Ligand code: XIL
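The form predicted alone is given below as one chain in structure tokens.
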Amino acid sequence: MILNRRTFLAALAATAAYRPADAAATPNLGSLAEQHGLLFGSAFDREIFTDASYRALIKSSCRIGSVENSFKIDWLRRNGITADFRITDRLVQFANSAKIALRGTALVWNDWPPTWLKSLSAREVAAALDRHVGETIGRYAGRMQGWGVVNEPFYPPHRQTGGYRKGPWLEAMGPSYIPRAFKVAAAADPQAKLVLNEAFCEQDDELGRSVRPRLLKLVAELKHSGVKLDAVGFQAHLKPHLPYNDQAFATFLGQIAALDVDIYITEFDVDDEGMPDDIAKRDRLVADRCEKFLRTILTIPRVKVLICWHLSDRYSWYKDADWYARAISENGGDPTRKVRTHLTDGELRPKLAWDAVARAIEARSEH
């Protein structure tokens, strides 16, 4: 489906009965999700140290969290292989004290490598992978729910053999960097949930359809070879302006789950770039997309985790992004408008999308 005039008007009609969420009556998504076999949470990072109101929202609403950036090698080991764990120590302490199960994300990702990594030999890159994964996971063994060990292994437009994403890990080791990372991770903390995370698969365009079979094949190979792989994460940055087919995506999730892995939705939000400037209309469309997507994919029993890529527009990754403002302008909108991509607004007030997610979670018991 593409958001054209006809689908836009249909979505508005379907959501005409929505009312703005009343904070006093807003369901606690963390508690609600637990009742339906789901862990709900959000990404967060060092902003929780300085933003007391956002910290309170995270603590009250989340049963699981993802550290957005601070475990990535370009953040944790900015100037060389020696890590600076001061921020990650504080984040882990916060989550443990708040009783939020915590995930580290994108330990091994071919995008955004630090400059020093790109200057190493292939053997040195392999050693850096071993140290980064093993040392980082080992430091927090027993204190983390799990790890996004490898992030976004595929990107067919890079035209690498097998459709893999180009970068220093692939260039140094080929696709063998993927099982290697998981083996090091499993040795460092045998109890942690280890996740392979991927993007685009919820899209029913050429990119999404090209990634799906490659990911399915990789998961099958990892499981067949005995690699500890507990879950496959799907980012689900929903893009209503691109083709999508939620039922086809749910069918694909079922194929992944049949390989004996859980399914995590790891970076949930809605890209509103193709939507009108009017806030009320945009909020209805975002809420409608959230609900329809989740109602479909939550029918898969092994979907165990739903994590928003932040709970508030205040920390939206779309905010101040040049590509996002440019896309809005190309769609005839105001590129300076405020983002409306998350479940609460910039003042942390629940939006229509919050209640839409609650309805989708409650509907899970019907299946």
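From a predicted model like this one, the values you see are computed outputs, not experimental measurements. Quick note: we count residues from 1 along the sequence shown, nothing fancier.
The discussion below concerns the form predicted together with the named molecule, not included here.
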property: Non-hydrogen atom contact residue 245 with the named molecule in the predicted bound form at 4.5 angstroms; result: no
property: Any non-hydrogen atom of residue 152 within 4.5 angstroms of the named molecule in the predicted bound form; result: yes
property: 4.5 Å heavy atom contact, residue 145 to the named molecule in the predicted bound form; result: no
property: Residue 209, heavy atom within 4.5 angstroms of the named molecule in the predicted bound form; result: no
property: Contacting member of 109, 94, 140, 85, with respect to the named molecule in the predicted bound form [4.5 Å, heavy atom]; result: 109
property: The named molecule: the contacting residue among 288, 267, 202, 273 in the predicted bound form [heavy atom, 4.5 Å]; result: 267
property: Options 273-281, 224-232, 69-77, 127-135; stretch whose heavy atom lies within 4.5 Å of the named molecule in the predicted bound form; result: 69-77
property: 237, 309 and 317 each touching the named molecule in the predicted bound form (heavy atom, 4.5 Å); result: yes
